[in-house]
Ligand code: C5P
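We begin with a single chain expressed as structure tokens, specifically the form predicted on its own.
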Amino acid sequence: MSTLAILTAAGSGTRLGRDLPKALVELDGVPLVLHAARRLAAAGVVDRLVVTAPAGAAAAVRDLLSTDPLVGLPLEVVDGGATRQASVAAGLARAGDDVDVVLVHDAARPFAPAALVRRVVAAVRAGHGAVVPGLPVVDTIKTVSGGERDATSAQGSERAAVTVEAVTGTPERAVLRAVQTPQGFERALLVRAHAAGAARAAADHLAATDDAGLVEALGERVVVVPGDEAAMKITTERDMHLAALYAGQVA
């Protein structure tokens, strides 16, 4: 049996403020999707890679990854969907019966270390059907009821509307985890979860933000393994500068 990694790279990355898809933005002269693929390959536990590409970029992504000696995995590139969930479903459709473990990873987390990849796969192969890496939350977290634009602040003679949110609770920080990718699954469980949640995939406000959420919706158990600071997500230009600190980390 084998392990398939689905690398989602179809996002537009509008919050990064570039004129090309986020996965193709370069850091240290290398596109983010290539950084991510190299680390998946370096783990030594991935047998095949499926990449979901931005619209119109499948050929470019295929050329980029297939010619890189540090990737060196059997590779397939497919068009991504309208949402992340739809993109993962497109990649999952390429998993044959020989695949028993599926990793789902985001090109927006290009420096997830190889050791983290191995840790997730090992937990799945130890009998845990759904595994996510996570980090303890260091900030105090508040739950809120939503914005109310009814407060004002005075600055000299000017008064400006201020959006306020009513606090409804303070979760216990010790039981919170900030979840990362790659996430790992028994293939049959992930297929079942995507089939059950397929109706959510068409729109961003309905689609699952991670695949573990689809498994949770089935009532199935999801476990957390220790994450890694290097697996940070790149969303803004500030994140690009922080991510550069991890560019040389692979093991």
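Everything numeric here is computed off the predicted structure, so don't read it as measured data. Numbering starts at 1 and runs along the sequence shown.
Unshown form predicted in complex with the named molecule; subsequent notes refer to it.
- Verify the contact flag for residue 135: yes if a non-hydrogen atom of it lies within 4.5 Å of a non-hydrogen atom of the named molecule in the model of the complex, no if not. Close contact is absent here: in the model of the complex, residue 135 is far from the named molecule, nothing within 4.5 Å, heavy atoms only.
Check your understanding: Any chance residue 119 has a heavy atom within 4.5 Å of the named molecule in the model of the complex?
Key -> Heavy-atom contact with the named molecule at 4.5 Å: absent for residue 119.
In the model of the complex, is there a heavy atom of the named molecule that lies within 4.5 Å of any heavy atom of residue 82, even though the partner is absent here?
Residue 82: yes, in contact with the named molecule in the model of the complex.
**Prompt:** in the model of the complex, does residue 52 have a heavy atom within 4.5 Å of the named molecule?
**Reply:** Residue 52: yes, in contact with the named molecule in the model of the complex.
Inset, instruction - Within 4.5 Å of the named molecule in the model of the complex, counting heavy atoms only, one of 169-177, 124-132, 67-75, 99-107 shows up; tell me which. - result: After filtering at 4.5 Å, what remains is 99-107.
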